[in-house]
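Next up: a single chain in structure tokens, the form predicted alone.
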């Protein structure tokens, strides 16, 4: 780009720009041109003539715009296409002012989180109360019990979950047996592998593994199902027809998962014990017959009932939390993904809390 300063007929200084004012043409002289143009722009009486510029792109226009101080000079001559380009630059909104640092921001965030958690707790309690009223109604009207919905929940959360729970349970049993046997061999206490596997799997790992897998698999499915019904306005349609959400959608899920969960716990614990037994036979040479005969002697039956109790409580809690977050989803896809994620995380956290409560309350039960 060429820059020439000439005097016009009326004596007003005139700056004539010509050539190509594009990024490729000005690449090597951007800084020098910027300083030179800024110097010329300091004269408010200078007449700018840009009609001789053959080609002007956004980079060249921005160079001139910055030299002018983000406003047009008083005397300016442009081509029509250049006029539109500088109009667009003039309509660019100003950069927002920097937000001052909020020293109370962390405290405010903690407070908002606390209020949100309290709101969810109140919502879950209200939903549980409504379910109790629905149970009272169904007891007096047994023909209204949604058997089909309960059976569907049993199939989806129980039968369809047997594959993944069996795989995870078997692998956990193998790993636990292999690592424990290596340590027991050091002290010649090979036989105690049965005690370790029996108590740890039946009392703790079986219920925990099953609950976590069901929370991630079936809990997320329940939340997503109710969320999609919210997005597609099916919940509103049910309300218009006078069909209660809690009785037809939520109560069958809670009852079904409360029945299916103990069965899944039994299945997971059994497969995990099989995996541990296989690893113990390979690593320590303990026969399968000896493992089974010894297991009933070293693991009291109270551990099994404790595991089934955990399964019932965990299953109903997972279903209640999943349905609560499903009903809280708004009519947009972003809320659907966020609600499903929050539901799974909350359900898994609740399962761990339930396991800790059971461990504290029944610390003296089932321990020889």
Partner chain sequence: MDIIMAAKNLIIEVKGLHARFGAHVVLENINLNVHHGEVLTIVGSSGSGKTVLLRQMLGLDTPFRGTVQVFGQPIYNGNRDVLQSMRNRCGVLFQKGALFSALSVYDNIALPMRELHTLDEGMIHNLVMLKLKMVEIEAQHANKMPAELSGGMIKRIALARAMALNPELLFLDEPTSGLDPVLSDSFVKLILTLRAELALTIVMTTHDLDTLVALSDRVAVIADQHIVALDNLRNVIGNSHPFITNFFGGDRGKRALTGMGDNF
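If you superpose the two forms and keep the largest set of C-alpha atoms that fall within 1.5 Å, you have the rigid core. Positions refer to the first chain, counted from 1. As the structure is a computational prediction, the values presented were derived from the model and not from experiment.
Missing here is the form predicted in complex with its partner chain; even so, the following discussion is about that form.
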*Does residue 84 reach its partner chain in the predicted bound form, with heavy atoms at most 4.5 Å apart?*
yes
*Would residue 333 sit within 4.5 Å of its partner chain in the predicted bound form, counting heavy atoms only?*
yes
*Does residue 92 reach its partner chain in the predicted bound form, with heavy atoms at most 4.5 Å apart?*
yes
*Taking heavy atoms only, is residue 45 within 4.5 angstroms of its partner chain in the predicted bound form?*
no
*Looking at 167-175, 96-104, 197-205, 132-140, which lies within 4.5 angstroms of its partner chain in the predicted bound form, counting heavy atoms?*
96-104
*in the predicted bound form, does each residue in the set 56, 59 and 66 place a non-hydrogen atom within 4.5 angstroms of its partner chain?*
yes
*Between the options 144, 88, 108, 248, which residue brings a heavy atom to within 4.5 Å of its partner chain in the predicted bound form?*
88
*C-alpha of residue 233 moved at least 2 Å between this form and the one not shown on rigid core*: no
*Return yes or no for residue 59: a CA shift of at least 2 Å between this form and the one not shown, with the rigid core superposed?*
yes
